[in-house]
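Have a look below at one chain only, the form predicted alone, in structure tokens format.
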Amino acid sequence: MNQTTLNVGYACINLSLQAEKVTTNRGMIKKTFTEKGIVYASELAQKNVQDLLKIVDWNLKNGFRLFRISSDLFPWASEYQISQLPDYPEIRETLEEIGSRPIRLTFHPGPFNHLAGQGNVLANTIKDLEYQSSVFDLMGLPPSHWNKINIHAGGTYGDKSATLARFIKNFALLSENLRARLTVENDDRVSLYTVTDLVPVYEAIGTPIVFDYFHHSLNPGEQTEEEAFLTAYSTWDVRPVFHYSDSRQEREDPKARREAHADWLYSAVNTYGKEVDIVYESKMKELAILRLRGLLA
């Protein structure tokens, strides 16, 4: 396979450091937030941000120049502005330090984000996406698809075309910086969106398509993997970030869900001669990549 991948990375959790209680997703339930409020949220956020710096530095030391940040960096972020946190000066200083590192950072907000939604669903989506864009702003990272904030188009609401039209319309409600960072990804269910389905979104608002190899294998539409890869690749204005994982059902557990990602990596990525950065979405995180490199038994 022709591999010209420049950067590889993984998502959110570093298992090597987790044993030392280094984590970026400290949180709390709603009751705790109600009782302890913004002061405790600030305390947890500061620890998360400090540990993110540790993970970023570990990544660079071990040859990882791409990392997806956990969307849970700031607990109950929808309830306040980051600048309102008591520890904001220290948090901002650490975020600026992270932003100065030579690593490509991305976000992948959760599946509850529906830009094609309406009412409270749409309002909450915008609030969540804007929070994550503001983190990149605080890091001093210029708004571009280099630091992507990646989402799915969401449900079809019974009409794919109408839903995507609403997605395109609601895109205008986002801040300029967020619009410059937003990308959209193909889905793993045949009832949802293929790469081909997402092309009109790109043509209307310039939102690049993140190609997920595994999702395409489950929901290819009318395109081969190479055709879908090249279609998605052509939508990018910077080097793309694509996603790769193997099937748990095929490789590890025949009883697993069809959509389940494997714990480990078993096959090399075909980048079809193109320069592409890859986020590996295997459950064993950085350990899976180290094993693929022959650095872990």
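Nothing here was measured: the structure is a model prediction, and the numbers come from that model. Just count from 1 along the sequence shown to find any residue number.
Missing here is the form predicted in complex with the DNA; even so, the following discussion is about that form.
J.: Considering non-hydrogen atoms and a 4.5 Å limit, which listed residue (P200, G110, G140, P86) is close to the DNA in the predicted complex?
T.: Spelling it out, the residue with a heavy atom inside the cut-off is G110.
J.: Please identify the residue among E97, D72, E130, E227 with any heavy atom within 4.5 Å of the DNA in the predicted complex.
T.: None of the others qualify; the residue that does is D72.
J.: Within a 4.5 Å heavy atom cut-off, is K169 in contact with the DNA in the predicted complex?
T.: No, K169 is distant from the partner.
J.: Spell out, yes or no, whether the shortest heavy atom distance between K274 and the DNA in the predicted complex is within 4.5 Å.
T.: Judged by the heavy-atom cut-off of 4.5 Å, K274 is well away from the DNA in the predicted complex.
J.: Is the gap between S234 and the DNA in the predicted complex 4.5 Å or less for some heavy atom pair?
T.: Residue-level check for S234: no, no contact with the DNA.
J.: Closest heavy atom of G155 to the DNA in the predicted complex, within 4.5 Å or not?
T.: G155: yes, in contact with the DNA in the predicted complex.
J.: Is the DNA in the predicted complex near all of L192, R257 and E281, within 4.5 Å of a heavy atom of each?
T.: Every residue of the spot touches the DNA in the predicted complex.
J.: Pick from 174-182, 147-155, 203-211, 87-95: which stretch has a heavy atom within 4.5 Å of the DNA in the predicted complex?
T.: Result for this chain: 147-155.
J.: In sequence order, which positions of 27-63 have a non-hydrogen atom within 4.5 Å of the DNA in the predicted complex?
T.: If the 4.5 Å heavy-atom criterion is applied to the DNA in the predicted complex, 27-63 yields G27, M28, I29, K30, K31, T32, Y40.
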